[in-house]
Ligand code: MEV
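To begin, one chain is listed below as structure tokens, in the form predicted on its own.
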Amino acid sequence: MTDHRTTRFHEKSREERIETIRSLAGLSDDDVEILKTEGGISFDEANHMVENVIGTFSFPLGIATNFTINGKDYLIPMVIEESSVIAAASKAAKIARKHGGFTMESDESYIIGQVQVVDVNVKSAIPKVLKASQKILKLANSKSKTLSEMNKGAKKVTCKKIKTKSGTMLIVELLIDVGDAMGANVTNTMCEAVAPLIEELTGGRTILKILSNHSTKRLVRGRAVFDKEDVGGKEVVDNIIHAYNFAANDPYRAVTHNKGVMNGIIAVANSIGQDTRAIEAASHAFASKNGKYTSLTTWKKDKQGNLVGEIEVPMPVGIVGGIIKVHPIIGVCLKILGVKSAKELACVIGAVGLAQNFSAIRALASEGIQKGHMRLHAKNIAISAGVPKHKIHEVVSKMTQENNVSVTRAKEILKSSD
């Protein structure tokens, strides 16, 4: 945010941070009380979400600052247990602001639903299915009045033949515009609804009727320019491009490179109740789309020598349905984020993924990943070593100065200071 109230946000107390967010995001007293509730959810609420509940499990909820995306400023909630991620994303966003921030665009919210047909003559069945496309679409759309009223819903029927060890199969696919929803439930419902009709048309037997999480029709893409001087100069820019080319051509490096992208993406998705497993699965499948696992981002220089980062990644997200209305703190996080559509949310999450990737490879290509990360991690080490609160700063400072961050060293420093 450009607002001066977010300046040095990390130095504020919890109360000051909450008051800042209250003011900027227009939070109510009830919203603030939810934020102050440890874990953000009661046992009773958790007990209605999943089975066999015995308690709740909390992760830190932080706010990434400085993000400008498509000309709009955002405060971005992030839920993650790993040190340095939120700080790194905020720093990257601050650097990107000089050249206008992040420019992002998102596809429509299309999901592919699949109906598996076996014991079928595929060659003769396909024309019958395609001829009855409008009938199939009408039946599918009868299962969602809301989507139909919004001129969304099932849009197209396609067929494909696959050969397997258990025989040749027909796969009937529905292309469904799910609007602002994540869309899994409505897609599955539509697939199940049309299965009997498909059996009637083909004379085959349907087995699976379910969405595909391979979200190739639901991509987000975008870019940002990072000023060469803010990055660290020409040598660091060149090193980052070398690091990218390493990831682009070696799957062992690419997996770790993309994990850095996911640090940002999943942290935001966690905070607003998204299906992180679907995002992860789709992203890694997409990274392998050309037959070899590679980077989800690209890095190059512009004519001025500035670093240019680009990202393209599947983003099956929504702002309605699922756990969004069930988990109290998710509603507050969405209010803080201030997105108005699933497409806008996809753009925000994609931008954070690009920002986090920049921070990770910049650290690797300059000072090394451990210096900044371990500086932030040292506090956790001190706490796990049993260092009392009033001595944590002293122990952390000593360990980072020595570049020796460990439980053993924390205990030695504590003992020598007694």
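Keep in mind that what you see is a predicted model, and the values were worked out from it rather than measured. Residues carry their position along the shown sequence, with the first being 1.
Form predicted in complex with (R)-mevalonate (MEV): not shown, discussed below.
*Asks:* So which of 360, 381, 387, 35 gets a non-hydrogen atom within 4.5 Å of (R)-mevalonate (MEV) in the predicted complex?
*Replies:* By the 4.5 Å heavy-atom cutoff, the listed residue in contact is 360.
*Asks:* Could you check which residue among 253, 284, 335, 128 gets a heavy atom within 4.5 Å of (R)-mevalonate (MEV) in the predicted complex?
*Replies:* Looking at the other structure, the residue within range turns out to be 253.
*Asks:* Using a 4.5 Å heavy atom cut-off, which stretch among 96-104, 176-184, 258-266, 195-203 contacts (R)-mevalonate (MEV) in the predicted complex?
*Replies:* Of the options, only 258-266 has residues within 4.5 Å of the partner.
*Asks:* May I ask you to state whether residue 364 is within 4.5 Å of (R)-mevalonate (MEV) in the predicted complex, using heavy atom distances?
*Replies:* Yes - in the predicted complex, heavy atoms of residue 364 and (R)-mevalonate (MEV) come within 4.5 Å of each other.
*Asks:* Quick check on residue 82: any heavy atom within 4.5 Å of (R)-mevalonate (MEV) in the predicted complex?
*Replies:* Residue 82 belongs to the contact set for (R)-mevalonate (MEV).
*Asks:* Looking at (R)-mevalonate (MEV) in the predicted complex, which residues in 130-160 have at least one heavy atom within 4.5 Å of it?
*Replies:* Result: empty, none.
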